[in-house]
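Take a look at this single chain in structure tokens; it is the form predicted alone.
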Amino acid sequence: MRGTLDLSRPVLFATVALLTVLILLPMGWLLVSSLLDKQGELTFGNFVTLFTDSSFLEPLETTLIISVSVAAICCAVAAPMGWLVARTDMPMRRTVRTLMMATLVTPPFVGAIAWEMLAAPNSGLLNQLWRLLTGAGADQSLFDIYTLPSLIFVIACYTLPYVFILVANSLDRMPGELEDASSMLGGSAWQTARRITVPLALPVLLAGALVAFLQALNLFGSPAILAIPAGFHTLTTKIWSLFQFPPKAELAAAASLPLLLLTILLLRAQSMVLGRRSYAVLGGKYGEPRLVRLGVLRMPALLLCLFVLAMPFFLPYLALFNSAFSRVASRIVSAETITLHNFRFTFVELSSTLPALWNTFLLATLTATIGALLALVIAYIVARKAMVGHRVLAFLATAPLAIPGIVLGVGLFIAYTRPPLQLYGTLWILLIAFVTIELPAAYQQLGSAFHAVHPELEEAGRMLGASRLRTLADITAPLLRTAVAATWCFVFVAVLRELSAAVILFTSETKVLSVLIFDLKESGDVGAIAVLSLVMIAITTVVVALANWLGGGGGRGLVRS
């Protein structure tokens, strides 16, 4: 074995070089382009325009209003729901938790489309039902989805699960002895909650608020579906609009940098909040908390939770199924009007469906494979300190967390529409985007899995003459196969859902499923939109279930859209 060629060091260095190019090249071009005018001359005019022109200031103000509102709503709803599920005897607590996590399967832009089907002023199913029940005129409506409050509501619906999971898991881990001690010393339920439960849960709730703020800040799909028809922009949709003819890449680059910097600052703040030790619990093993008995409030609490779940789960799915099987997509389906025409139109008559599905599955498979292998090598280098600068490598692997999808799309567009690598218009640029976006989730999952494999197993292989690459392939990787498989599944799902970067980088020949749904929204093919949305959700559900069965955990790749 000692006589064979050792490719370990070249492979490790190639991994470092690839990771550096993936991240630094588009971000470098983004910065350079923001400082150039159309003639390629150095200028700060792009930033002057950005901070003086009302067409840029208004989207920024709108985005901040949305982000703050979504964060406040999510915390106000998630905290009580998390407490009911984790700390009370409310019936069906496990079912409520499962359904809340199941809402993560729905891409936010698909949720926005479903709510458009429900609450559009003229054709919305809820408005039609209201007119039917009240006899109101055809020009009257109960809901109008094309408003700023409605957009905030829809974004909050699909951001709430992230905050709920953080809060509920935190309350699950909270030791019950502290609350028991408070009760034994005469403290009332209110005093115990105020002095014990709330202080212990507060750091996680603040972190949840930052998660919600970031989600709303960087989201493209929902604002593109609902804000643009309403006549206003958010920062992400404004950046996207700068690529409409004629494209203004330099202004898009300048508008992307504040979004990037704000994201980095908020992620740093989130890390500091989660790293607080002000209310740390010291000690060893603690018992489970005693459940609070709700008494006569048990059923009202359950009904409240089910009502909340109806917003992101029950009502949108009903709308999608109705539009998919209805002869007229904007009418309530009945036994007389049910049809499979929308499925036939989508998969037989619509010429762009099969190419988009092929592009999506090809890119998802390649991204999942490359991303999982790259993350495995990086996690190995970092966990085993296999080379100098492994901490820098860990930073680079997680750096895309701070890059919003729309910003990365702008950076890649600028970087790869010029020599020596003119990749725009090919699937390669989408592959680079997807690998870059999903790498942090893959790296974090596999980095955690490496802690379960003792390094002595690899050291034994090295002592017998095997190279680092050989021990990784023959010893470590097989031990991590379930974690690698689960990571592969989650990256695959994330690519299916990705819209924000793809919408900047696609061409007519490189459409993927998410972009096709977005394009059909503009052409008004509601039935086809519903069919493709259900197909996306069904595939996502199956793959996520497979990943969970393999023992994988949740990943950040499901966040963006």
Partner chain sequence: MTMRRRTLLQATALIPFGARVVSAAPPAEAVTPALIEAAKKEGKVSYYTAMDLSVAEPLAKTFEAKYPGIKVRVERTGAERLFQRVAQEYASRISMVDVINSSDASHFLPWKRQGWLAAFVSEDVARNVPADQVDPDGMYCNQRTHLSAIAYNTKLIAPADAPKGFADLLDPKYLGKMVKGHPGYSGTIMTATHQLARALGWGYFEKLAKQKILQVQSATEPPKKIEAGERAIAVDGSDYLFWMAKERGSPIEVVHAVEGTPQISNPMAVFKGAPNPNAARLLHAWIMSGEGQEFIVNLSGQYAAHRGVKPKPGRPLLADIKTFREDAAEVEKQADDIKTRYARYFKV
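All of these numbers come straight from a predicted model, not from anything done at the bench. Between two forms, the rigid core is defined as the largest C-alpha subset superposing within 1.5 Å. Positions refer to the first chain, counted from 1.
Not on display, but discussed next: the form predicted together with its partner chain.
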Out of 40-48, 514-522, 488-496, 530-538, where are the residues with a heavy atom within 4.5 Å of its partner chain in the predicted complex? 514-522
Residue within 4.5 Å of its partner chain in the predicted complex by heavy atom, from Pro149, Gly137, Pro478, Pro246, is Pro246
Would you mind picking the one in Thr369, Thr88, Ser123, Thr95 that has a heavy atom within 4.5 Å of its partner chain in the predicted complex? Ser123
Could you tell me if all three of Glu61, Arg268 and Phe313 have a heavy atom no more than 4.5 Å from its partner chain in the predicted complex? no
Contact of Ile504 with its partner chain in the predicted complex (heavy atom, 4.5 Å): yes
Can His233 be called a contact residue for its partner chain in the predicted complex at 4.5 Å between heavy atoms? yes
Even though its partner chain is not shown here, does Thr339 get within 4.5 Å of it in the predicted complex, heavy atoms only? no
Should Trp240 be classed as touching its partner chain in the predicted complex when contacts are defined as heavy atoms within 4.5 Å? yes
Within 332-362, which residues have a heavy atom closer than or equal to 4.5 Å from its partner chain in the predicted complex? Phe345, Val348, Glu349, Leu350, Ser351, Ser352, Pro355
Using the rigid core as the reference frame, would you say Ser34 shifts its C-alpha by 2 Å or more between this form and the one not shown? no
So with the core overlaid, does the Cα of Ile429 end up 2 Å or more away between this form and the one not shown? yes
